[in-house]
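A single chain comes next, written as structure tokens; it is the form predicted on its own.
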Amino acid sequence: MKVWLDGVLRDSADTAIPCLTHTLHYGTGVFEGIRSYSGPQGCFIFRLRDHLERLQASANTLRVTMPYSIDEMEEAVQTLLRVNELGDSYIRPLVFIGEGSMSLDVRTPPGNRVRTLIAAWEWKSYFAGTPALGLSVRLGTWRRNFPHSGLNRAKAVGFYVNSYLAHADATACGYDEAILVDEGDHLAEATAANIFLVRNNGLVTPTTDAALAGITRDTMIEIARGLGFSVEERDIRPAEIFRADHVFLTGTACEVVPVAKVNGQPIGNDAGAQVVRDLAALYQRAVRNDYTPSRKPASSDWCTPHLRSSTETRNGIVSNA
């Protein structure tokens, strides 16, 4: 498998990341998860620019200057999919701090080099082996904490230690996933996904005060509103999850996945389950450029065509295919 490292395509086994890389020791990096999908109209990368803009914003939050522009990163993703001959794939950009100072001060000259890696591989399901009815989740034993409210919008490497521990605790107890709460004991999110409740023919989802402002979350809100569903973003007490018509998680890796049990208790009803199935089906169409919600902003380009040849243009014209 080829990866893109600092502007050069390399074999994944030939990246030679030094053991004194700053991010390896301190978690000082940011990343994204992006998917590409093959469909009836070709292969598309879903919300590529939105993901890369969030990557840049995450880097800014950590006071890290990305060494490549968003346009250069877009081209790198295209190149990587092409050389690895990927259609359906999961794409992982990572901006990290390299060797140099091993203190927390990485700016003192000569400073630590900021490096960029992009990898891509076929990853069909984040929750492999999920039961047809949905996940069994553990609720309420872990918190999603941030010392500053703006930090929750960054996808920083170090922030996911808490998610890792919450997930490890849940799976050790026989659950598929964990749902974290915030400092006010309201629902926050799952370990790597946002959460939605189906209630009274509408959706309710936590605010982004403690939850990541997920791109799949935003996509689902637009799809639901396009169908005429109400979508309410507010503080949600954990007890509400047991009164929901249904519950589901959203994320680039997991896509749209229903929750069947919380703390061992079955939740939801048939009508709510059908709402989740309908929304999940429309999401699968949207990522393949086969469905556009009526309320989606006209300026938002959700699906970027994958240019299978270096001679293709974004208008789909091929001069050398």
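Please read all numbers here as calculations on a predicted model, not as lab measurements. Residue indices: 1-based, along the sequence shown.
The same protein has a further form, the form predicted together with a small molecule, not shown here; the description that follows concerns it.
Trainee: Would you check whether the small molecule, in the predicted complex, lies within 4.5 angstroms of a non-hydrogen atom from each of Arg54, Tyr160 and Asn194?
Mentor: Every residue of the candidate spot has a heavy atom within 4.5 Å of the small molecule in the predicted complex.
Trainee: Using 4.5 Å between non-hydrogen atoms, is Leu212 touching the small molecule in the predicted complex?
Mentor: Yes.
Trainee: Is there a non-hydrogen atom of Arg138 within 4.5 angstroms of a non-hydrogen atom of the small molecule in the predicted complex?
Mentor: Contact with the small molecule, no.
Trainee: Against the small molecule in the predicted complex, would Pro206 count as a contact residue? Criterion: heavy atoms within 4.5 Å.
Mentor: No, Pro206 stays farther than 4.5 Å from the small molecule in the predicted complex.
Trainee: Within 4.5 Å, heavy atoms only: does Lys155 come near the small molecule in the predicted complex?
Mentor: Yes.
Trainee: In terms of non-hydrogen atoms within 4.5 angstroms, which of the given stretches 36-44, 265-273, 249-257, 63-71 touches the small molecule in the predicted complex?
Mentor: Stretch 249-257 is the one.
Trainee: Can you pick the one in Thr216, Asn112, Thr116, Ser89 that has a heavy atom within 4.5 Å of the small molecule in the predicted complex?
Mentor: For this set of options, the contacting one is Thr216.
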